[in-house]
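Have a look below at one chain only, the form predicted on its own, in structure tokens format.
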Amino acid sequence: MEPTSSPAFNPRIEARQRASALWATLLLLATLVGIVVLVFLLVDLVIKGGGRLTGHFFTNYMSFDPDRAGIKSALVGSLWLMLLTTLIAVPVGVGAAVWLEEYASRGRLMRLVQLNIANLAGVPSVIYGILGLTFFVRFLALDRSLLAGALTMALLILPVIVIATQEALRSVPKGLRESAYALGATRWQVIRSHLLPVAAPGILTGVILAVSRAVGETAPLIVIGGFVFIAFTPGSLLDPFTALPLQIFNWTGMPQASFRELAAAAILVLMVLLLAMNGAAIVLRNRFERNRPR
């Protein structure tokens, strides 16, 4: 009898295994290269800007003297921008996602709307800046105010929040909906008492990550005309504003090395802010995962 060839020694299977091992190796090397470059950049930032992280750096306003310049107005402006963007984008985004998932009828129009939302999530941020400049700054005559900046950033992250909320709602088991309807609950009662609490971890994570993106964006703020030199903090929604990305952009263009050191220090502050927001997303997600109804 002729020996039968085992599938383990099939040349095609061996070729696939070698290709999989090669791709895994390349992926590992690419990851290591990215980590090494990131560590190098972080070390370079700490070396250049670590000495500038003093108390005066956080309490002083901007100045043409690098020894007296600080990020107080930029930091406060970023915090205000983050808060207003969240207050505008989250209710609208979550409400739109709930309507699309639970109330809207399926059909060609619905598929077109979903396609447009997905496309808007990938539009470059500078396009939103042009939209904000045209509609909020000029048409609504909000000028280069904090409100105009927050509305522009809200438009930027709105598709991301809608998509994240829809995915979180879709992950809720259908049996939960059916059991609630079987007990006589209305659609809104099911959404309010069952779907949103169960989907809260995914929604919250998507919201925080979207707001983190808005905090680090520079192009939309430049396009709508955000200020790079302000020696005061905003007192109302219609006041001029600046933000950390704008201040970093301004300092990196200065010829003096001292301003580039200030830019490195501001980048470290911005990175800490973004890491804190991402850490908060992880903590809150885990907390909601433990406390959500089963």
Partner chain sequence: MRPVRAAFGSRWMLAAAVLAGCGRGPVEGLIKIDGSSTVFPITALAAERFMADTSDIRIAVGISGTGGGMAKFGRGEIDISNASRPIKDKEVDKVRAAGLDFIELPIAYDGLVVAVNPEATWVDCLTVDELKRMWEPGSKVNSWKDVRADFPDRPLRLYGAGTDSGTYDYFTAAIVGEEGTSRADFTASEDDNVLVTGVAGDPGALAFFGLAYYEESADKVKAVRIDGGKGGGCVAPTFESVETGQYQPLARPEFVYVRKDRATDPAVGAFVRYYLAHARTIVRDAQYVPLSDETYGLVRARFDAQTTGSLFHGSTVGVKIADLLRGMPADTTRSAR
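What you see is a predicted model, and the numbers here were worked out from it, not measured in a lab. Positions refer to the first chain, counted from 1.
The same protein has a further form, the form predicted in complex with the partner chain, not shown here; the description that follows concerns it.
Scanning L53, L42, M254, L237 against the partner chain in the predicted bound form with a 4.5 Å heavy atom cut-off leaves one residue, M254. Not displayed here, the partner chain is kept clear of I47 by more than 4.5 Å at the level of heavy atoms in the predicted bound form.
Interface residue remark: E167 is not counted as part of the site for the partner chain in the predicted bound form, having no heavy atom within 4.5 Å. The closest non-hydrogen atom of V36 lies beyond 4.5 Å of the partner chain in the predicted bound form. In the predicted bound form, R144 approaches the partner chain with a heavy atom inside 4.5 Å. Heavy atoms closer than or equal to 4.5 Å to the partner chain in the predicted bound form belong, across 46-64, to the residues M62, S63, F64, ordered by sequence position.
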